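In structure tokens, the next block holds one chain alone, the form predicted on its own.
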């Protein structure tokens, strides 16, 4: 059995409450010499604080939670690692839960995590939850702990939020294709999500700016997973597109696989731009151009917002919109037998 505060108190000749105050760095009238002795005994006897007992005194668990939609998605797994790193630096443990992009899981996880007594929450809502937004907003409004919405947000909700500018990111991707002479540009996007709708808006904005008419036949749905990118390519490659903007890198890999099965080469006879910049730059023989959303910066900003909120619950909520960057590699070239670049 591990050593307890009672054991340390007996050895040092003080009360349990006095030793507890010292070990928890609470104000007390104990001499510096005695404090040093208490810490030395705790170190020698490998004392591990009982966080549950400490929480009863401090009213803090020193634990935070993160609900994310898909831990297998490389962007979210990378983001989770960055958030966990930041939390550890701030002295918090991070509990990570995966919703499998399910509204029911979002709803249940919010209840169960709150019941575990965490101090605060990072919330990345599932795509399915956008269908039940009003219900989830009500649940979030009544959470008894501070929370930050990360990456996917509800604009109607008054809380701290941090995200990337999805519309701008898509615009940068499509503009890059246009600058290489492409006018027939496909788009794979998840319109079931708010971020997907914003990326579609950026795609349309880039077309409109160049006077290119929007063609709904060039746009198809994907759910951010590899398989949906492969299936989307099967549909879009039946049209006359010469390039595609695929709104996340996992789907872009699926798209690439279908291209190779059809004997199409990137970028020799088809150009491709992804989104997230979350994979190795060299995938399936292609250095993929992609819109970067830096998970390090996103995680740090989310952690800063939540830890500041825990220190001061009365400040007005903040929304931070980060600028995406287009990382240009070699997956885009002018189309074959096309006019000069515009």
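Positions refer to the first chain, counted from 1. Being a predicted model, the structure only gives us computed values, none of them experimental.
Only in words, not in the display: the form predicted together with alpha-D-ribofuranose, which the text now covers.
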Within 4.5 Å of alpha-D-ribofuranose in the predicted complex by heavy atoms, the stretch out of 115 to 123, 91 to 99, 268 to 276, 173 to 181 is 268 to 276
Residue 129, heavy atom within 4.5 angstroms of alpha-D-ribofuranose in the predicted complex:
no
Does alpha-D-ribofuranose come within 4.5 Å of any heavy atom of residue 255 in the predicted complex?
no
With the partner left out of view, is residue 75 within 4.5 angstroms of alpha-D-ribofuranose in the predicted complex by any non-hydrogen atom?
yes
In the predicted complex, is there a heavy atom of alpha-D-ribofuranose that lies within 4.5 Å of any heavy atom of residue 224, even though the partner is absent here?
yes
Could you list the residues in 185 to 211 that come within 4.5 Å of alpha-D-ribofuranose in the predicted complex, counting only heavy atoms and keeping sequence order?
195, 199
